[in-house]
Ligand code: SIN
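Let's start with one chain on its own, the form predicted on its own, as structure tokens.
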């Protein structure tokens, strides 16, 4: 196959980019690949909302910028922050024009703006506690209106095509690396297909499945970041993995973990220990509404101090009618496992939630590889710095999708298709005889990352993780070279790459900053004694 634009991923980043290009250039062919179904992605699972300055009488760009920079702990790209905050409201208005139904006040005149941790004002637009689902629904409906967009479901992108596949020796310092499309596994035929493209956009989402407990869906296996790294593209800030402080604790375990949105704390819920005592005032003056890195570490510390498997979120004092109107899905989930939030506290525990690092991009979303862009959670724009401010991610995806689309529209006609790309070479491989080799490697990987490269780290833990990851890498590469490809093998290989990048990046950062806390350089949270860890 060949197409003018190839987009890997069908979440908010991928579909927004496709729609923007299609509107400006109906003559361009656009293919969007989804490795499962079109609606199954990280976007769909976003509960809280999208942050944008809306009420200019109470809020301002300056306040939103300041909140983002504060959460980012000195690592944000200030220019990126200003761009996203100032261009964001216009992108949200476009989504509303396409049909997004954000919640309004009871009189239906103004939007019901929520407040979440780290925000100084109410600026979160939301649709109940299903904001991501509503935004995905809107984008899928809009995509269907454009005949030059083709969405191919159940296509698993395996590798980006570069000069490497033409026989050239490509390294990380090779100038002028170019992307010519991608090899993709058609999951319905089990054949590897070659898809040539003038420009390619990686929108493959997050990496949550590298950990045991994550709010990310099972498709979040870091495929795009791993592919770009293998293609010798630049990645950065991989040590900054955001753990959401409050996923629903389930003794038997769930994958993914159910998210108790930060908006619940913004609504007035309070974090407490099992005996009903508040504890966040020991860690931050903003208490339960402190930024996520602080809250997650505080919860982790309280659990270790008390030998408990969770802490609790107290909603018993909240108005039941308002709560049900704002959080029907959360209420339904809690009651389904026998918890009435108005009679008992909700058990919560931190879970891997968001990757703040990723594929290095510039202010237009261009990667270090020519003709290759990245957008959404798989990219690192510099917006989030060392810690993402709640509800900024959907905004970032829309802003950069718009910028990428504008650049592609201007550049695509100048780019020719690359000829003589060889087909995928599967010679000498055979079907895997034991899938247990892959599934067991994944279990080991999640244990390693959760035990040694989680919320609190140390040099000893990171060294042990790297040693064990190297063994997993060798075993998986042997399987990759000798067996026919399956989605499970590709995901396992990608997750091991992601685990290495997170661990290696964490090893290189000799300080505690934002989401990266190490007991060897504990220069953050001066009010807490972490020596017991």
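Since we're looking at a predicted model, the values are computed, not measured. Positions refer to the first chain, counted from 1.
Heads up, the form predicted in complex with the named molecule isn't pictured, but that's what we're talking about next.
Put simply, of 134, 116, 239, 300 only one has a heavy atom within 4.5 Å of the named molecule in the predicted bound form, and it is 116. Interface residue remark: residue 391 is counted as part of the site for the named molecule in the predicted bound form, having a heavy atom within 4.5 Å.
Proximity of residue 47 to the named molecule in the predicted bound form: non-hydrogen atoms within 4.5 Å are present.
Contact check for residue 262: a non-hydrogen atom falls within 4.5 Å of the named molecule in the predicted bound form. The closest heavy atom approach of residue 457 to the named molecule in the predicted bound form falls outside 4.5 Å. Stretch 254 to 262 is the answer when you ask which of 338 to 346, 107 to 115, 254 to 262, 416 to 424 has residues with heavy atoms within 4.5 Å of the named molecule in the predicted bound form. Looking at 8 to 32, no residue comes within 4.5 Å of the named molecule in the predicted bound form, counting any heavy atom.
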